[in-house]
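So this first bit is one chain, no partners, the form predicted alone, shown in structure tokens.
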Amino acid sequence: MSLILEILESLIPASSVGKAWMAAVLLGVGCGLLGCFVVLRREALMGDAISHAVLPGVVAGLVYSPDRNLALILACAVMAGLCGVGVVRVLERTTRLKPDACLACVLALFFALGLVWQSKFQSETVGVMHFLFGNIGSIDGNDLKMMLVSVVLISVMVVTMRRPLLVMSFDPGFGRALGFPTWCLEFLFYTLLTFAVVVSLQAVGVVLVSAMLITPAASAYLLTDRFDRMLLLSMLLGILSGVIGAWMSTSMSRMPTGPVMTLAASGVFVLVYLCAPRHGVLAKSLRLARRRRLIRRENTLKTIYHILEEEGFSHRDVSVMMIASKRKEAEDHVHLTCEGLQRQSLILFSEDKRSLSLTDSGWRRAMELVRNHRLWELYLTREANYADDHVHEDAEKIEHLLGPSMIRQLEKDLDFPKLDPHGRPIPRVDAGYPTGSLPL
């Protein structure tokens, strides 16, 4: 035991600034790890409820510990937090209230109880403001030892119990089917979560600790679809936010630790929200714009096919004016779309650019689209009992998304049909350009 204490002592920095930075790093690791499970469970309000529910415990520790014994204060806070979680679960199981309503009721009840109690014992609870709003500069060596032990415990439990905790986050029923001790896992998770909240109180305070629990994990969730990477990113973003907050709080005057850390975490979240490579707003907007451009071009190809079909495939050229009339669009707009098709070598413009013709690859793609559309229309009328005049819009949306394997399965299920529900021929993709009539 003495060896462990010596090791812990050797890890504690001597300067107050070093202690603040180390507290910020430990805060980022502990909250970042458990925040991932909270986000996946869709229980972000639970972190907020626990952080507010611990206030009566903090007040009780200050009232019954005149010498400010931190271990006793934190123990009381942990018990109050677990009591809050228990009350939430009882309300969920014994009432018709939704989980968010239960969490809000418990959050308000425990926080109000702590404030009333603190008002009655103001002289004994002078230091409660540090727990309410956080003051990383007040953290001493003993506080850091407790944070270090708690973070090591949380890290070990997350690494060793990662799989069952992850299964429980998505589907507790599946966890029970696999033989996991669900009640024990739930108790373990909420105990660790309460520990993480309590040891973070002095750094960010009761009011904002939930932000450090949720915001880095939410940012990591937008950055990756792999859980292991999410854990790592959440820790790193939590550490980054904590260090920025600690640096600004210790180097500038009138910069409260908790709000500054929260603003730093929120700034990182906004950056990720905008610029995340897969789930960011900019990336989604670009994908949507590309998809709309692709659909517009493919619909133009399909329109060219329809015009040629209506005229019995007697010629290959189609005027831009006819396409614009058929699609009810301006000629300039159609011309712009067709220039994109020409860059993809799907059409060829005439010399005066007033008409165009399909290339071999454009002809194949046009037939694929028409085939997809008509097969899907037939599937909806036969298998989903759609009326013939109600299938066009659904087929119009799905035709661009059907892949070769799905088309093969549709053909097999429909017994390789030759006509769509309206009696029009379903073109074969391997057919060449017809001469006078469409090959079946």
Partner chain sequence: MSVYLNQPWEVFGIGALWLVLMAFFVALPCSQLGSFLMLRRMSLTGDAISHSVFPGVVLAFLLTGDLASPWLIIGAGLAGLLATVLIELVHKWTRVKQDAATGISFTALFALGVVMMETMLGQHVDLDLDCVLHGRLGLLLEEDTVTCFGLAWPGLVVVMAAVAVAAQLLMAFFFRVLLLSSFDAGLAASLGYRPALVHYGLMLTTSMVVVAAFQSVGAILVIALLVLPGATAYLCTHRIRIMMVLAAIHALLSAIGGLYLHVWLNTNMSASVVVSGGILLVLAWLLGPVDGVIWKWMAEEPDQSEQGLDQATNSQPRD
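It should be emphasised that the depicted structure is a prediction, and the values quoted were computed from it without experimental measurement. Numbering follows the first chain given and starts at 1.
Keep in mind the form predicted in complex with the partner chain is missing from the figure; the text below concerns it.
Undergrad: Please determine whether Gly175 contacts the partner chain in the predicted bound form, using a 4.5 Å cut-off between heavy atoms.
TA: No - in the predicted bound form, heavy atoms of Gly175 and the partner chain never come within 4.5 Å of each other.
Undergrad: Look up in the predicted bound form whether Glu377 has a non-hydrogen atom within 4.5 angstroms of the partner chain, and give yes or no.
TA: Contact check for Glu377: no, nothing within 4.5 Å of the partner chain in the predicted bound form.
Undergrad: Verify the contact flag for Tyr190: yes if a non-hydrogen atom of it lies within 4.5 Å of a non-hydrogen atom of the partner chain in the predicted bound form, no if not.
TA: Outside the cut-off, so no.
Undergrad: Even though the partner chain is not shown here, does Arg42 get within 4.5 Å of it in the predicted bound form, heavy atoms only?
TA: Although the partner chain is absent here, Arg42 would touch it in the predicted bound form, with heavy atoms inside 4.5 Å.
Undergrad: So which of Lys328, Lys98, Arg290, Arg343 reaches within 4.5 angstroms of the partner chain in the predicted bound form, heavy atom to heavy atom?
TA: For this set of options, the contacting one is Lys98.
Undergrad: So which of Phe111, Tyr305, Phe227, Trp247 gets a non-hydrogen atom within 4.5 Å of the partner chain in the predicted bound form?
TA: Comparing distances to the partner chain in the predicted bound form, the residue within 4.5 Å is Phe111.
Undergrad: Would Ala104, Leu115 and Met255 all count as contacting the partner chain in the predicted bound form, using a 4.5 Å heavy atom cut-off?
TA: Looking in the predicted bound form, the three residues Ala104, Leu115 and Met255 all sit within 4.5 Å of the partner chain (heavy atoms).
Undergrad: When the partner chain is placed as it is in the predicted bound form, which of 69-77, 366-374, 335-343, 266-274 ends up with heavy atoms within 4.5 Å of it?
TA: In short, 266-274.
Undergrad: Even though the chain is shown alone, can you say which residues of 197-212 have a heavy atom within 4.5 Å of the partner chain in the predicted bound form?
TA: Read in sequence order, the residues that approach the partner chain (within 4.5 Å, in the predicted bound form) are Val207, Leu208, Ser210, Ala211.
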